[in-house]
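First, one chain by itself in C-alpha cells, the form predicted alone.
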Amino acid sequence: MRVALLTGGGDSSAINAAIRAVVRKGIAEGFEIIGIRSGWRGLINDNVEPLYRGSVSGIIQWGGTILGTSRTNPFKMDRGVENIVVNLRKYGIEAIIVIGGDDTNTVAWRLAEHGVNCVGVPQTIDNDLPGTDYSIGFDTAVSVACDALDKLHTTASAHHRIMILEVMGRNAGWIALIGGIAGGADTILIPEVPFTLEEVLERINKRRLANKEFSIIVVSEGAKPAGQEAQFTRDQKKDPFGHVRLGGAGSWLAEQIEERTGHETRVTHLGHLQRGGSPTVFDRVLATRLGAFAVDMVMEGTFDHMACMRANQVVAVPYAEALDGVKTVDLELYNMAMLFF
C-alpha cells in the first residue's frame, strides 16, 4: 500500500518526531511512504518524494518539519482539488496521513467528498482542537513561555518594572494560562475571558501596596478588553483560511498601564520563538504515539478520523467530532489561577 504524508499550517516542535514514527511504523508494516513537500501546496504542484528509514534518521530532536509546510487551501485555488486527485492517482496513493491543525485537517475532511482517504494527526501549539487532550507542539510552546517568564521575573524585580509577555493563542488561551501558572504570572489575560483595564490596574496597585514593586502579566494575542468587538491585529490581510494576523494586545496594554500609573512598563512578544527549537520529552513521546497510531488507522481503514490523545490513551476520533469548534480553556483552572493574581 502506498501512503502519503504531509504537514500543513503553522509549524511546531515535534512534527519531525511524528514524521519519523509514521515512516518507521509504515515501512515495518510494508507500506511505501511518499512525502508531500510544503503541505497541500506540494500535492497540488506535484512536489513529492519517497521517504525511507534513512530519511528520518536522527530527526526526533529537530524542530520544524523536514517536509516543509504552508497555509494552503486547495478549495480556494483554481483546480486545486482536481490537481490533488490527479496526483494521487498518478502515484497510486491510497491514503494520506495529515499532520496539522484545524485548517489543514478540515481540508482533509472535505476531501473525503472527492474520494480521498485521510487520517489526521493533531498538531498546533494553541492546543485548541476539541478531539484531543494535547496537540503536538503545545508542551514545547508552553515551556518556552515559562522560560521567558522566569527570565522576565529577574529583570522586572531589578528595575521595579511591569513586564508584559504576549504569547500566541487566537481563540484559546492555553499557552497563556498554563505558561502563566507555571511561570508565576500576576495576571493572565485570555480570549475566553474579556478583561477590563481597571481590573489590571487594581492588581498592580495592590502589589505595590504590599511592597511588591514589580508585576508580570501574560496576555494571549487574542485577548481583548470587555466591550471591544475586534481582537488586536497587525493588519487586515487574511490568509487562505480567512484569518487575519493577530498581535498588539501586549503593546496596547503596556501603553495604557504606563499612561495611567506612571510605572515603567515593557512588553515582550514571543512570536515564533514558541514554534521553534528542540521539542520537550512530552512532545516527542506524544508525537511518536500519535504518528504510529495513525499508521494503525490506515491499516484498519479508519479514515476521516483523527488520532487523538484522551486520558493518556490514543484513540481514533471522527473528524466531525475532532474538529467541532474550538477547545477553550478550562475555566475552573483559570479561576484557580486567579488565586495567585
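One-based numbering along the sequence shown. A quick note: this is a predicted structure, and the numbers were derived from the prediction, not measured.
There is another form of the same protein, the form predicted together with a small molecule; it is not shown, and what comes next is about it.
Engineer: So which of R266, R170, R203, K151 reaches within 4.5 angstroms of the small molecule in the model of the complex, heavy atom to heavy atom?
Structural biologist: Selected residue: R170.
Engineer: Select from the listed residues L129, L253, L177, I125 the one whose heavy atoms reach within 4.5 Å of the small molecule in the model of the complex.
Structural biologist: That would be I125.
Engineer: Tell me, please, which stretch of 162-170, 73-81, 113-121, 186-194 lies within 4.5 angstroms of the small molecule in the model of the complex when heavy atoms are compared?
Structural biologist: That would be stretch 162-170.
Engineer: Does the small molecule come within 4.5 Å of any heavy atom of D139 in the model of the complex?
Structural biologist: Output for D139 is no: heavy atoms all beyond 4.5 Å of the small molecule.
Engineer: Could you tell me if R275 has a non-hydrogen atom within 4.5 Å of the small molecule in the model of the complex?
Structural biologist: Flag for R275 set to yes.
Engineer: Since only the chain is shown here, I'm wondering whether R208 would be in contact with the small molecule in the model of the complex (any heavy atom pair within 4.5 Å).
Structural biologist: No, no contact at 4.5 Å.
Engineer: May I ask you to check whether K212 falls inside a 4.5 Å heavy atom distance of the small molecule in the model of the complex?
Structural biologist: No - in the model of the complex, heavy atoms of K212 and the small molecule never come within 4.5 Å of each other.
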